[in-house]
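So this first bit is one chain, no partners, the form predicted on its own, shown in structure tokens.
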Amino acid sequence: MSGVVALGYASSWGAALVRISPYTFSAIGIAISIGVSVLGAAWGIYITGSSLIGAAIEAPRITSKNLISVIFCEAVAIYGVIVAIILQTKLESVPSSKMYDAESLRAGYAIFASGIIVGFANLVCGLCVGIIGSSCALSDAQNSTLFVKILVIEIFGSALGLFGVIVGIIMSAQATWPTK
């Protein structure tokens, strides 16, 4: 325990974080990437779908063309799955003697951070696309000329998820495990 205090981790939280396996951090990051991205997609589909069904009662013509909003929401989940696959390929076997080296810890933290960034960026993206998709369905039911204009805004909203994916890939580039 004195080695932990010498490293500046006198608190129990600091000692606990350093002793958690980097593979655990990696696995949690990968799970957050998928799980929170799917949560964002589901929430966006819920928001868009409920408005689309309600507005389609008054204007049935909007149903087929407004499904693009649901597809945009589903793309958010796909972003999370793609990044999780990329992060999974970053995992490498490390001898137990090098498990807690600085390089191993950095790799685990990089994958963890990448998963958190992608997951929460996609959560916000799913909400954004869902709210805009809802507005698109309701507006299109009232005035069909507004569909394309609001769809452009929805495309910009879905770019938030792509920004999260790009940042996550950049962060995961820091994940290099020690050689055997």
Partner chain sequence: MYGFEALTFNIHGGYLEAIVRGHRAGLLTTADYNNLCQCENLDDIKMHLSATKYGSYLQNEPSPLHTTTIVEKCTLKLVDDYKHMLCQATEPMSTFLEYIRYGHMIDNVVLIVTGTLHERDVQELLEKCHPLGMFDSIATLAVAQNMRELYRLVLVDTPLAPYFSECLTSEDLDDMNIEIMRNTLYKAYLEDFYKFCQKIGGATSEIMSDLLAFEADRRAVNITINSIGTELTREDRKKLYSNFGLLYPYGHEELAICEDIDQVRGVMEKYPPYQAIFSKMSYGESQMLDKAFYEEEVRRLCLAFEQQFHYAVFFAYMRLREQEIRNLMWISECVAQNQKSRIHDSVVYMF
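Predicted model only: the values in this text are computed from it and were never measured. Positions refer to the first chain, counted from 1.
As for the form predicted in complex with its partner chain, it is not shown, yet the points below apply to it.
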I have 43, 50 and 57 flagged as a candidate spot, so tell me whether each of them has a non-hydrogen atom within 4.5 Å of its partner chain in the model of the complex.
yes
Answer for residue 26 alone: is it within 4.5 Å of its partner chain in the model of the complex, judged on heavy atom distances?
no
Is residue 131 close enough to touch its partner chain in the model of the complex, meaning at least one heavy atom pair within 4.5 Å?
yes
Any chance residue 63 has a heavy atom within 4.5 Å of its partner chain in the model of the complex?
no
Heavy atoms within 4.5 Å of its partner chain in the model of the complex: does residue 142 have any?
yes
Residue within 4.5 Å of its partner chain in the model of the complex by heavy atom, from 151, 113, 67, 127, is 127
Have a look at 29-37, 133-141, 113-121, 151-159 and name the one stretch with heavy atoms inside 4.5 Å of its partner chain in the model of the complex.
133-141
